[in-house]
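Only one chain is included here, represented as structure tokens and corresponding to the form predicted on its own.
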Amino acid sequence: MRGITFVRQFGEVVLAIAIAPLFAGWIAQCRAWMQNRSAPSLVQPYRMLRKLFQKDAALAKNASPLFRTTPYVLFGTMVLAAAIIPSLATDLPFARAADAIALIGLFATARVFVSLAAMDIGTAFGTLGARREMMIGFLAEPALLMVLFNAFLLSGSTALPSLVEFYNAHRFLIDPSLAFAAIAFVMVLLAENARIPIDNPTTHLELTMIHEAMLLEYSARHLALVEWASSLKLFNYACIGFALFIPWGIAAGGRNGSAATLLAIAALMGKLAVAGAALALIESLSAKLRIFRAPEYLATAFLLAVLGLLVHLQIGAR
């Protein structure tokens, strides 16, 4: 039985690695449709990764070992995050480590490494992007923590599996505070994943770049790993949102059969399809903010999360 559990854990990680580029491709396709443009192929991210892995890497002469190892660290941290987030089931071995603080620590580790690597070469745009990335992270993490604490007050635990199991035990729970937390989480998701209105993942203007400015010196397999890690990060944030607000379909309470696993996979794919279309709609209706407006945007997300927390405490006091 324990061996089967580890096989299911391995399958969940492989599934996350495999469909993360597909999720990014689906968002790009929906965004093109909504903007009345010719949509790229759904498998375009896989083609790009294959092309990059086949190229020879070009490195700057003054690149340190940190610059070379950062793509592997980024990919490894995102894979580890995918392993501990309960996207399919709550009783997997790594799910016991799915603590909110641990997840934020993993994302912060990836941010620090990519920022240091961007400054390692000494280019102007890399340093500019690194400073902007650290500023966005500094503002987004408190808002994300408040969102998580708002949700975890319901279950009394900071572990995502405990929250999912709590939702399964209280299927008809209605808490108005979760509406504020959900809006704040979507705002943080857009900021942390370099999406509009904070950043534009398809931009070619160096002065407006944040995340892409830090990747200008990477090529070949290193760039492929960084891009794959970015897709995994977006996938992980989506799965965190599913666990916090729409956990239906995740196998919990000892349901570990094949039928429960297939149902969980089908539910995950359906939620990813809806979430990708919703993100594309938000990006199509929004305009990129100027960088000095980013603090106001994330301060709004923080205030919404705090408001949700206050609403929860007010309802609980009655």
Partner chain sequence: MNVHFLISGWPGHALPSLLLIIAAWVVIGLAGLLRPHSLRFVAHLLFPLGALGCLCVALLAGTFLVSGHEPEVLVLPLGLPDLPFHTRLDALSGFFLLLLGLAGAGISTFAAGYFRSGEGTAPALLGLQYHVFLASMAVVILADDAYLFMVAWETMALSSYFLVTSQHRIPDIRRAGFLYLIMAHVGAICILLSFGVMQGGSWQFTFDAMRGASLAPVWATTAIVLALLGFGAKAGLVPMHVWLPEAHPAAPSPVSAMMSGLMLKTAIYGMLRISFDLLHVRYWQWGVLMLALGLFSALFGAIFAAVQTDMKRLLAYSSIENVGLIFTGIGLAALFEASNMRLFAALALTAALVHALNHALFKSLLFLATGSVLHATKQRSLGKLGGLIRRMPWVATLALIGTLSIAGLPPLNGFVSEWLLLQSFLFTPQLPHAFINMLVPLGAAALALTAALAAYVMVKFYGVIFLGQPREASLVEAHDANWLERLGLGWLALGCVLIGILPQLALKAAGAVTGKLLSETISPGFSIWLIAPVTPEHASYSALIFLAGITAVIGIAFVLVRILAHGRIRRTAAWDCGYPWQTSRMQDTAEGFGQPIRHIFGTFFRMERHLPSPSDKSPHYRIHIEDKLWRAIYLPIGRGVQRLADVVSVLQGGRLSIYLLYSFLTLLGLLVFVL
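What you are looking at is a predicted structure, and each value in this text was computed from that prediction instead of being measured. Positions refer to the first chain, counted from 1.
Keep in mind the form predicted together with its partner chain is missing from the figure; the text below concerns it.
Out of the listed residues Val226, Ala243, Leu154, Leu128, Leu128 is the one that sits within 4.5 Å of its partner chain in the predicted bound form by at least one heavy atom.
Val112 is the sole member of Ile196, Leu178, Val186, Val112 with a non-hydrogen atom lying within 4.5 angstroms of its partner chain in the predicted bound form. At the 4.5 Å threshold, heavy atoms of Phe166 stay clear of its partner chain in the predicted bound form, well away from it. At a distance threshold of 4.5 angstroms between non-hydrogen atoms, Ser162 is in contact with its partner chain in the predicted bound form. Contact check for Pro295: a non-hydrogen atom falls within 4.5 Å of its partner chain in the predicted bound form. Heavy atoms of Tyr46 never reach within 4.5 Å of its partner chain in the predicted bound form, leaving it off the interface. Of the stretches 277 to 285, 258 to 266, 63 to 71, 35 to 43, only 63 to 71 has residues with a heavy atom within 4.5 Å of its partner chain in the predicted bound form. Every residue of the trio Phe53, Leu59 and Ile121 has some heavy atom no more than 4.5 Å from its partner chain in the predicted bound form.
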